[in-house]
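Before any questions on how it binds or moves, here is one chain, the form predicted on its own, in structure tokens.
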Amino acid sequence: MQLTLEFGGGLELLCESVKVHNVNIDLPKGADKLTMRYLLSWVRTDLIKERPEMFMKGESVRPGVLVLVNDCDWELTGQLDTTLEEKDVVVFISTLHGG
């Protein structure tokens, strides 16, 4: 599944200072949909190059990280259970570091 991931407010520093990532993510084995829960795990493992604890706490983002899915706050779409579709744009902005 093709997605665009954008990092701002300082979070891009965790990804080698690259703000926009066009990625292809395979669905997890046995899954028929891609959720934010899986995406966050994938980002922590495959995209973040340093200090993943600055991005995630447990299986979710740290407090102070705003998450938008297609310009909509993920708190309105189901947070970790939000289903992602082909070509969705997911934005992560740290509100603690100038976001």
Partner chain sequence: MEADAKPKKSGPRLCCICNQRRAVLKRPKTLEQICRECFYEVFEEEIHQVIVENQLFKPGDRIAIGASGGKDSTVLAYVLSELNRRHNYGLDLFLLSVDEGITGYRDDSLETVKRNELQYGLPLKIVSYKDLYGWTMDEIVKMIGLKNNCTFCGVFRRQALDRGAALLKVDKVATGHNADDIAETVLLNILRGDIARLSRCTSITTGEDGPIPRCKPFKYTYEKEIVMYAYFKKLDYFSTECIYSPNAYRGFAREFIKDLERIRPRAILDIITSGENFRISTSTKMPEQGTCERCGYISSQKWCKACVLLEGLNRGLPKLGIGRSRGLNNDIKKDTKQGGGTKSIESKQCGSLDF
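Residue numbers count along the first chain shown, from 1. Predicted model, so just to flag it, every value in this text is computed and none were measured.
A second form of this protein, the form predicted together with the partner chain, is not displayed here; the remarks below concern that form.
- Is residue 18 a contact residue for the partner chain in the model of the complex, using a 4.5 Å heavy atom cut-off? Flag for residue 18 set to no.
- Given that the partner is absent here, does residue 71 sit within 4.5 Å of the partner chain in the model of the complex, heavy atoms only? Within the cut-off, so yes.
- Query: Heavy atom to heavy atom, is residue 61 within 4.5 Å of the partner chain in the model of the complex?
  - Reply: It does: once the partner chain is placed as it appears in the model of the complex, residue 61 has a heavy atom within 4.5 Å of it.
- Indicate whether the partner chain has at least one heavy atom within 4.5 Å of a heavy atom of residue 14 in the model of the complex. Contact with the partner chain, no.
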